[in-house]
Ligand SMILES: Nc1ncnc2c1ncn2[C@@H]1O[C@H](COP(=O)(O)OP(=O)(O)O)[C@@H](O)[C@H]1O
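One chain comes next, on its own, written as structure tokens: the form predicted on its own.
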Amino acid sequence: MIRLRVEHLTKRFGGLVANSDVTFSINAAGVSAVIGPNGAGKTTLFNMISGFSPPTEGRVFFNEQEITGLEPEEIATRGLVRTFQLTQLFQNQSVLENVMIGRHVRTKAGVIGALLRPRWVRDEERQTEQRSHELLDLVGLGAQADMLASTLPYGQQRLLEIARAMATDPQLLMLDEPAAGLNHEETEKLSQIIRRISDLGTTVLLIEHDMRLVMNTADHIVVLNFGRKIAEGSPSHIQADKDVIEAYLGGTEMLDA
């Protein structure tokens, strides 16, 4: 089953072409990655897919339904959720509360329900809290549930953002440079968490500069350079691709796992 399909995506900012005629698809099963040198157009591509920036040309399909031009909130409701390069947490809320906030995209209680608090609303709140604890355990933050988000080390804040995104029950989770700022041990832990999320049935698509993480975690890789797709395939295929090696300044060391 195809989870995501993009056709001829192009984004122009005046005379600057950030992406040009990018086409690829990813399967529902497994982990996919978009890689490329700085300025290759990776985040612009993510912005178009997730609705934060409309494409100049091209179309986006999620579960074979077109989502081109939809608002980010509508796309998230359909099950496509993303994180960002910079953490966007509620710093003065607890770790648990941050995840529960993400969960509310799947809850039914509105303002009236929150005020009157009938039994079904209370049950929903208990389920939300239980699910949030499960997701914190998933990313290894169960013991930090009552801490303020602002007190977490940077690496744990990245994991908290993943837990909050998972609280929306996404079918496709898009991670924008999740390993940025992480040390080697934290990156290894992140790789295990991403594989675990995939094994639980969520499709994962990530942008990442850490080639060790990409090669050890992704099943399928799309490579961009100067806004264009230059290669696509398995990690072993990408490691041997001459265009990819040239794009990374002619050095194979950046692609070694």
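The model shown is predicted, which means the values in this text are computed figures rather than measured ones. Throughout, we count residues from 1 along the sequence that is shown.
This protein has a second form, the form predicted in complex with the named molecule, left out of what is shown; the following refers to that one.
Of the residues given (T44, N63, T202, S50), T44 alone sits with a heavy atom within 4.5 Å of the named molecule in the model of the complex. Checked against the named molecule in the model of the complex, the residues A218, V222, I194, A40 give one hit for a heavy atom within 4.5 Å, which is A40. With a 4.5 Å cutoff on heavy atoms, A18 counts as touching the named molecule in the model of the complex. Proximity of Q85 to the named molecule in the model of the complex falls within the 4.5 Å heavy atom cutoff.
With the named molecule omitted here, the record of contacts in the model of the complex names 31 to 39 of 31 to 39, 64 to 72, 210 to 218, 185 to 193, defined by a heavy atom within 4.5 Å.
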